[in-house]
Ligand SMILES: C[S@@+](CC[C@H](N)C(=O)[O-])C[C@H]1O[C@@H](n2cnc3c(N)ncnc32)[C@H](O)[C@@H]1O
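Only one chain is included here, represented as structure tokens and corresponding to the form predicted alone.
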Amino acid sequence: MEFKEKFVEKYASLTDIDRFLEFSLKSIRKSIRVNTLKTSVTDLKKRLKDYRLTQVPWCNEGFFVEGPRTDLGNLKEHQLGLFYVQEAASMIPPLILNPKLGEIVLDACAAPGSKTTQMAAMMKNQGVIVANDIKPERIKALSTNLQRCGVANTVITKSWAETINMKFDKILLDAPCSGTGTIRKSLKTIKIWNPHMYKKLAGVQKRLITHCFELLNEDGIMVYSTCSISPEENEEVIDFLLDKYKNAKLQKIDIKIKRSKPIMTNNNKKFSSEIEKCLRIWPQDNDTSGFFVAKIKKI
């Protein structure tokens, strides 16, 4: 795979470009999350005794998997909903949001449901999750995964997230993005990349984060995340929110993971020093996808 010159030029100024390109082309490690709505970690380990399960450091229910088969989605344990095939970095946003029993939670861009099912398990099927998406084919996958995993506290809605109009205790906004942190999962990402794609995406992300922040109850928490490593879609979006809402306060993210420093300037614009509280991970940091996470409190 040959990376576009402008792509290399852009990210060479932000990270160790050789390591980034190396890990972007490596096969990604298979990982699963045990679905505690249906089984326990101990019981699933017994069922998968022919596989080597290595703990994901930041998730008690997450495991890297090595074994006789790589098509984990075809295992009967997966079909029974005992585990979810989920990339290790993707497990982070629900852990940071930390939804509690009895809370009302919005998953604004929910499909196909990896994070929705994770939150339902964390909430032990109590409280309410509104799982929203806009595309019918994605909602079909979301519905299938919720049923397979035994999720009973979730309502599915089909809507542009900007039209939702109710209050929530917590909101997960896993925003649509360029996916530049997930090149190793799909080389198509780099093929369609162009240096102007961020302008439209950032506009959508800023509209989404603004509207979702308005939906938060006082003292509510929102987690904004993307699988992009572009500052235009991440630090710049958070800086935009902090500038627009003086009652939006970033919270420190305490998680057992190797992280890189957030990007503090872009295109000669200096971001708020609060941006240092965001979590930025490159693929080479933990041998996962690249991810960005910000935890915001409405005071």
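All values reported here derive from a predicted model rather than from experimental measurement. Sequential numbering from 1, following the sequence displayed.
FYI, the form predicted together with the named molecule isn't displayed, but the following is about it.
- Remark: Ser228 does not count among the residues lining the named molecule in the model of the complex, judged by a heavy atom distance of 4.5 Å or less.
- Interface membership of Arg138, defined by any non-hydrogen atom within 4.5 Å of the named molecule in the model of the complex, is confirmed.
- Interface residue remark: Pro112 is counted as part of the site for the named molecule in the model of the complex, having a heavy atom within 4.5 Å.
- At least one heavy atom of Asp174 is located within 4.5 Å of the named molecule in the model of the complex.
- With the partner omitted here, the stretch from 192 to 200, 215 to 223, 126 to 134, 72 to 80 that lies within 4.5 Å of the named molecule by heavy atoms in the model of the complex is 126 to 134.
- The partner is absent here, but in the model of the complex a heavy atom of Leu208, alone among Leu146, Leu95, Leu208, Ala121, sits within 4.5 Å of the named molecule.
- Of the residues Ala88, Ile183, Ala108, Val105, just one reaches the named molecule in the model of the complex with a heavy atom at 4.5 Å or closer; this is Ala108.
- Annotation for 159 to 176: interface residues with the named molecule in the model of the complex are Ser159, Trp160, Ala161, Glu162, Asp174, Ala175, Pro176 [heavy atom within 4.5 Å].
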